[in-house]
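Just one chain follows, in the form predicted on its own, and it is written as structure tokens.
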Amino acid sequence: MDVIVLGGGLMGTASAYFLARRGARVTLIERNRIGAGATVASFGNIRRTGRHLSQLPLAHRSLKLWGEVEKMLGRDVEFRATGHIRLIFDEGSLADMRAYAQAARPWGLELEELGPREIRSRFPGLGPEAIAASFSPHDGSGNPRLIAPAFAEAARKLGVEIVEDVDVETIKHAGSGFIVTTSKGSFAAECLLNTAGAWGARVAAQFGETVPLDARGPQMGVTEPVPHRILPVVGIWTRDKDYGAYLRQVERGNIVFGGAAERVSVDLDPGHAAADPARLPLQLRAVARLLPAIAKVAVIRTWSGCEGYVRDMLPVMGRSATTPGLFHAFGFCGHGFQLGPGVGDTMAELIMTDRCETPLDDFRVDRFSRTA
């Protein structure tokens, strides 16, 4: 089977790799460079905590693949299962965490509740005012700058053709498949997989499928290296967006952080947000609540990118409702990094076998027209 994959981020490169492993002849088309969109703007969080419950089967599938990815791709993409801790500072958030933990248990996610003494003894320096925390020991982080190129390189070795820096001019569905005309020639295939990220809704709209999606850019930052080692990824349970911060320390000592600052709207042409230095103080105040020591550390770089946010904060995944041979996997709402390998494996299974062991019904592209 021939498949064209539109979009060369983590979802697209992982899909291309797993499709090729299943015997498909794959062409991947990317408007920019591999991994230059939402993937490179990602924080690198590999977490299941706090996800919509219907995402957990996909998240579990993906976590297993993260554990195999270095052997599978032949490259260290810095996946480290150091755990994921979410600090809690008020009783309302503690109630939220406990309710989520109870609801998630039947879905296969076990969260450990930590009290103040356990937080101080196990993770010194974190959240001195925290009254509790959740801890998921098998989650962790990976390097967003390494993962998509690693999947792309492995896919090339399996025969995938990767076309970068290309403008897509037309996408047409003929009786036997699809023809994609680009600035570097035309490509034909039986199936088309739309992994175009924030541009995914534009592709779907060409086939009569409307998805309410907004393009937004996060604000991320990284500090100078510091010697203290914070092992887990650190986040917070809160309903207040001004406190929604998160951080992780990489092995080189730098602390990567994000959250708190509102994600800004992005014009899809050219499709990249710029970081705003004026918003940095708000971010750092929120991050300092999790790690007070960061107030004494220099920030050396900030960045942004472009992510696709669907109205109901769930991705679009699965078959097209209008066009045979068309499949979608986009709109991961700023929390798709953990899901990436699982998305690729799932879409390859669906396209090549016409079935899928992971439930995708909540992610159907026609859910908006069905509820209109």
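Residues carry their position along the shown sequence, with the first being 1. Fair warning: this is a prediction, and the values are worked out from it, not measured in the lab.
The same protein has a further form, the form predicted in complex with a small molecule, not shown here; the description that follows concerns it.
Novice: Which pick from Ile85, Leu192, Ala196, Ala155 sits with a heavy atom within 4.5 Å of the small molecule in the predicted bound form?
Specialist: Spelling it out, the residue with a heavy atom inside the cut-off is Ala196.
Novice: Which residue, Val316, Leu58, Val69, Ala41, has a heavy atom that falls within 4.5 Å of the small molecule in the predicted bound form?
Specialist: Selected residue: Ala41.
Novice: Within 4.5 Å, heavy atoms only, one stretch in 128-136, 291-299, 218-226, 95-103 touches the small molecule in the predicted bound form. Which?
Specialist: Contact-bearing stretch, as computed: 218-226.
Novice: The small molecule in the predicted bound form: within 4.5 Å of a heavy atom of each of Gly9, Gly12 and Glu30?
Specialist: Contact check passed for all of Gly9, Gly12 and Glu30.
Novice: Hey, in the predicted bound form, does Glu307 get a heavy atom within 4.5 angstroms of the small molecule?
Specialist: Within the cut-off, so yes.
Novice: How about Val168 - does it come within 4.5 Å of the small molecule in the predicted bound form, if we only consider non-hydrogen atoms?
Specialist: Taking the distances in the predicted bound form, the answer for Val168 is yes, it comes within 4.5 Å of the small molecule.
Novice: Counting only non-hydrogen atoms and a 4.5 angstroms cut-off, does Gly336 reach the small molecule in the predicted bound form?
Specialist: Yes.
Novice: Answer with yes or no whether Arg51 is in contact with the small molecule in the predicted bound form, where contact means some heavy atom within 4.5 Å.
Specialist: Answer yes; at least one heavy atom of Arg51 falls within 4.5 Å of the small molecule in the predicted bound form.
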